[in-house]
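Okay, so here's just one chain, in structure tokens, the form predicted on its own.
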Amino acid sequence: MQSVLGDKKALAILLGPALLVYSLVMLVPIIWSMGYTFFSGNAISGFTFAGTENLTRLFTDPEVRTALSFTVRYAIVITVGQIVMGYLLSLMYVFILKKSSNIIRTLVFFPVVLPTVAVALLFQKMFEVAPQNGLVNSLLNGVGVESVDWFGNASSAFWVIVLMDIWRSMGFYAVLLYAGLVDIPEDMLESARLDGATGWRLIRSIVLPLSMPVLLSSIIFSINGTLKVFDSIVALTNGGPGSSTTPLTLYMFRTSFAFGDYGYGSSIALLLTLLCLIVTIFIFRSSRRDLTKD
């Protein structure tokens, strides 16, 4: 193995095809898209060189500020919700339900495999106010509270999206974190219990530090996925009311394909790419010390 790793020709033969495919599939489209940021127009009307006009427009466009604000707020809330709920469920699987957790794990994981559009339609029916009250408004009416137009208000629409996406994805993070918890040696947990560490103290002093690598990986998965949210919001609110629940991805899609401005759409995509890159680097740098210790 050492001789192979030290042979540059062997490394080129082994890694070359994979690097070539990766470059064609990932790097070339990114570079191509970055090139569009210097042009205006589209493939039908033709392209006109615009210099840095599209990039300058990003700083003065109020729609970009609204979409960026929603995207960051959505990513923070959903990531916290997914990781906290997933971690609590994984702790319950390991320390409370133990070997009898199979049925609960299956039920919690079930929404992950459902189509996004089906889940969005389910939540639209549950929270609808017209032509008839959905389940949520019927329950509110039952306790004397008037019906709420959940999708007619920016704040309530945001929290319905949050509820739907956390419910839909927490099963995935519960399984991911569960895989990290079951790798903790049982003799280490037993030694901690003999030393008097039980309950919250056991979790804070032993379980949480030992599960930190998989916890950080889950955070990176979650925040990068939520920054690129598109399908669930299109299916549930289509960015409304107004543009209050429009993320950067949806604004980029509309700019590029509904309004036919590929250049400015690519500039929005570049902003989103830089945002994902900065967040990932920040998380890696802040976690470097703990990972090195492990």
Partner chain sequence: MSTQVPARKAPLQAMQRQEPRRSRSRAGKRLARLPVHLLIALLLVVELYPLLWLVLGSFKTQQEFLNDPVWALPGSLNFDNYIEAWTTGNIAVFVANSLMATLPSLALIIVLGVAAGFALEVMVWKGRNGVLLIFLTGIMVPGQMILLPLFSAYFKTGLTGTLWPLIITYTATGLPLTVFMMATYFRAVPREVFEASTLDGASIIRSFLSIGFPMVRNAVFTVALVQFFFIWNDLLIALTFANNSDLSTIQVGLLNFTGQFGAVQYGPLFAAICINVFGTLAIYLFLNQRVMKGLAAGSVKG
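Rigid core (definition): largest C-alpha set, two forms, superposition within 1.5 Å. Residue numbers count along the first chain shown, from 1. Note that the coordinates shown come from a computational prediction; the quantities given were computed from them, not determined experimentally.
Omitted from view is the form predicted in complex with the partner chain, to which the following refers.
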**Report entry** Option from 75-83, 201-209, 153-161, 168-176 whose residues, in the model of the complex, bring a heavy atom within 4.5 Å of the partner chain
**Finding:** 168-176
Query raised in the report: Does the partner chain come within 4.5 Å of any heavy atom of Glu186 in the model of the complex?
Result: no
Query raised in the report: Looking at the partner-bound form in the model of the complex, is Cys276 within 4.5 Å of the partner chain by any heavy atom?
Result: yes
Query raised in the report: Wondering, does Phe230 line up within 4.5 Å of the partner chain in the model of the complex on heavy atoms?
Result: yes
**Report entry** Contact test in the model of the complex: Ser33 vs the partner chain, heavy atoms, 4.5 Å
**Finding:** yes
Query raised in the report: From first to last in sequence, which residues of 128-155 have any non-hydrogen atom within 4.5 angstroms of the partner chain in the model of the complex?
Result: Glu128, Pro131, Gln132, Asn133, Gly134, Leu135, Ser138, Leu139
Query - Rigid core fit then Leu14 CA moved by 2 Å or more between the shown form and the other one - result: yes
Query raised in the report: Can a Cα shift of no less than 2 Å be assigned to Leu274 between the shown form and the other one, given superposition on the rigid core?
Result: no
